[in-house]
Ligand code: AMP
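The chain below stands alone, shown as structure tokens; this is the form predicted on its own.
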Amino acid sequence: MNSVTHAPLAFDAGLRWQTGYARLGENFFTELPPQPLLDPYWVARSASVASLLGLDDEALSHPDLLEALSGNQPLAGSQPISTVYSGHQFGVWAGQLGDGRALLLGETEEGWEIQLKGSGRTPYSRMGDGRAVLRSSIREFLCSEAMHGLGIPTTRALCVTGSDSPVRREVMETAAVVTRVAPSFIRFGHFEHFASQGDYESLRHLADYVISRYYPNCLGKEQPYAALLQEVSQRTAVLLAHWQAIGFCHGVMNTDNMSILGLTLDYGPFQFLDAYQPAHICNHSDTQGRYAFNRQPSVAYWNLHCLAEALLPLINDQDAALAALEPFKQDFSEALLANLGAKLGLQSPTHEDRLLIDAALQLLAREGTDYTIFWRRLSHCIADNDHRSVRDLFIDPAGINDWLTTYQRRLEKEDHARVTSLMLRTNPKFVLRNYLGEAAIRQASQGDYSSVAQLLQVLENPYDEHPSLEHMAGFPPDWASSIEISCSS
């Protein structure tokens, strides 16, 4: 008797879908199903993101949802597609790229795109296997939610599902899929792709879609495409100011990793600074230091010039395109001043306060002081009027003593209660340090996901004290400096 194999039934998670990116047409994407993941299991789930999507506890723990988000059965109403884009990688034109290991399931009626990353080969995989590994998926899941907890614009992550299926990177690892959520995953590279091909009709179609869907204020402007460029530039400036103030290194700011909505996108070789070293390079693959921490704002500006060049056939006025980029430097500078001023408890920092801020950063850089711990201790030291814990961070007491004296004099103009409140909700106690992620990954590779769950707990609320998890807020151990992260991370 011949056996008959039936396609799996679609799982209805209660998501309501609308036609989003897929309405643009077939030259923007390829429609294809995900590749099944053998014997999947839950690794991590975010109740916060589930709530965002309207998924209740029953749906989030349902075995059919596990299968659907691992690529093993359809999700009712979804239309999986991989999108095509191009881009500059490490400053060099790389040509056509695309979603080489990601599938966009669709957009919900509430405006959230849902994407599987690690779901198998696509036409844009460029000889890759289309898979993600447990290590990188946990890192992306945790950092997406950590950035959201810090109040920084970012894509989100619903869950990670794993499998014992082997995947080769530098060494043999196991497969995983991370489910990502965002208003849009459109990148600078989507525009670069059609501009590079001379397909200006598709370029216009894409720009019109982005404007009508995400930037409706540009519709009535005399130069709507220049207005779009300016708004993207402003959002990017604000994003970079957040990164620099919190001490976040992205690691691979290629134009195909830049969000058209000003979101932090694609968590690969990221790192939160331990010691404050402005020229720190977190990506082991970045041999030239292009994406060093202190170069991130200038790289973002360079990437915006690439976007401007892609949009130029629509703007049709080089001066107008350059004018749209002009506010970036001032917007970034003002946003950075506001963010760093808030770390000092200053609600309305002045340009004169830049000297105080710069002096603090120079002290940190001179001794390689732990960035997160300095700011958190400073917050408590002002609240308690006891500077000893801050002074203990420095070998040379003279510099920090002089700075604290100047700082205390500046705070005489502020309301003390407001200062301490602002500092404690601006300077996090917890960030996703590399060693914390590495320790959780090592446990997860042995089937123990408890550390991932604990990390998620503190990273969702990084400004709270969490006294039972105090060990996650300490100095990094000596072995942390030996961790190497690369583009495969």
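Remember, it's a predicted structure, so these values are computed and weren't measured experimentally. So that there is no doubt, residue numbering starts at 1 and follows the sequence shown.
As for the form predicted in complex with the ligand, it is not shown, yet the points below apply to it.
Residue heavy atoms within 4.5 Å of the ligand in the predicted bound form occur in exactly one stretch of 89-97, 309-317, 207-215, 385-393, and that stretch is 89-97.
Remark: none of the three candidate residues (Phe430, Asn434 and Pro462) comes within 4.5 Å of the ligand in the predicted bound form, counting heavy atoms only. Interface residue among Lys343, Arg101, Arg156, His242, judged by heavy atoms within 4.5 Å of the ligand in the predicted bound form: Arg101. Site annotation in the predicted bound form: the residue of Arg295, Arg169, Arg366, His284 reaching within 4.5 Å of the ligand with a heavy atom is Arg169. Among residues of the shown chain, Gly130 is one whose heavy atoms approach the ligand to within 4.5 Å in the predicted bound form. In the predicted bound form, the ligand sits beyond 4.5 Å of every heavy atom of Gln197.
Taking the partner from the other structure, the ligand in the predicted bound form has no heavy atom within 4.5 Å of any heavy atom of Glu231. In the predicted bound form, no heavy atom of Asp370 sits within 4.5 Å of the ligand. Although the ligand is not shown here, in the predicted bound form the stretch 244-278 places heavy atoms of Asp256, Asn257, Asp266 within 4.5 Å of it, in sequence order.
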